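Next comes just one chain, in structure tokens: the form predicted on its own.
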């Protein structure tokens, strides 16, 4: 009787499941510690501000609201200042106002810079020469001096949060304009842009479907950079007494503490807490910007 060989079962190839987007995101954040720490600090500031605005009276952030010169205690966790302001309320509303100036000025400066950069690089010609020339002429001018001259020429009673944001915005568009111009000049020479042109896609379609999506990491990085610069500008304008003096901006609080000799009189909590808050804002933006550099710079980008 002939031997009948039965077919041997074949070994199945191992199946590898592709990790989900959320898993990849957490892996990336675990590797990019600068971005992770910066986002955590920013999240803490956002939660602190939102919870504070829901639980603390806004009037306590202004003068003559509470007893003055009280050290940190159960009633006033961060103490009060010489003018009778609750420092906890000051930190809540001052952090929000300082961030608001940065978001308005930084966002508007980035938007103007992106628009001018795209127009200059994509269409070229006289428009490109004019935008590039004006930006390069204005770049070396000390922005700090121009802002001091403009803020110093205004009546102190007319200076508001939005006035300060506008002063910071005036010269905040040159950097993003030149950065976006150089990136668009590089992008519009890529093969996929040439293919889109041959396919009959118009200029607007190429800008919004081919070039802009690839530049989003650069735009986000520029936005964070401009917000950082705007917050710092609002701080040094306030620290020299050119901000909206009635508002509890962190720079205004430090300027008032310096004027009253807070450290020499033993009121250490008055300048320390606003300085810590400002350091957290600037530090988180700096760390986020460092983390975003990996996304916007292919030379340092790493894959999971």
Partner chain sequence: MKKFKILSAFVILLLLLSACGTDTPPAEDPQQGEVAPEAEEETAEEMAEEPAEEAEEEVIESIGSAEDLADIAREDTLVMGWSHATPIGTTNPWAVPGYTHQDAGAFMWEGLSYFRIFADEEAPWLAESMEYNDDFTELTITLRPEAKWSDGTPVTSRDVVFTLEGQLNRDTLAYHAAFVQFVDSIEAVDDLTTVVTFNQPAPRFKFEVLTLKFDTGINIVPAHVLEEQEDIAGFAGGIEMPHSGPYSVVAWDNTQKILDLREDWWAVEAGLIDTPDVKRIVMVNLGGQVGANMEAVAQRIVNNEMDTALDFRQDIIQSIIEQNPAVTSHTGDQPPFGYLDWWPNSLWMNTLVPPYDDARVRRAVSLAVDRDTIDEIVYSGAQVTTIYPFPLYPGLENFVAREDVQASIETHDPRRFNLEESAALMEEAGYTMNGSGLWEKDGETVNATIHGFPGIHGDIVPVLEQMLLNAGFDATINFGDDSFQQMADGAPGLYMFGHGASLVDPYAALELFHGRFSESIGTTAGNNRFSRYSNPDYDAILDEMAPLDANDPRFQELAAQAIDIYWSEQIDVPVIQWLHRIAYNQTYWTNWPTADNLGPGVNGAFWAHTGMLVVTGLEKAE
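Numbering follows the first chain given and starts at 1. This one's a predicted model, so the numbers in the text were calculated from it and none came from an experiment.
One more form of this protein should be noted, the form predicted in complex with its partner chain, which is absent from this view; the next part is about it.
- With the partner left out here, its partner chain still marks one of 161 to 169, 99 to 107, 78 to 86, 194 to 202 in the predicted complex; by a 4.5 Å heavy atom cut-off that stretch is 78 to 86.
- Within 4.5 Å of any heavy atom of its partner chain in the predicted complex lies no heavy atom of residue 55.
- Though the partner is left out of this view, residue 264 does reach within 4.5 Å of its partner chain in the predicted complex, counting heavy atoms only.
- Residue 260 belongs to the set of residues with a heavy atom inside 4.5 Å of its partner chain in the predicted complex.
- In the predicted complex, its partner chain lies farther than 4.5 Å from every heavy atom of residue 26.
- Residues 240, 241, 242, 245, 246 are the ones in 222 to 249 with at least one heavy atom within 4.5 Å of its partner chain in the predicted complex, listed in sequence order.
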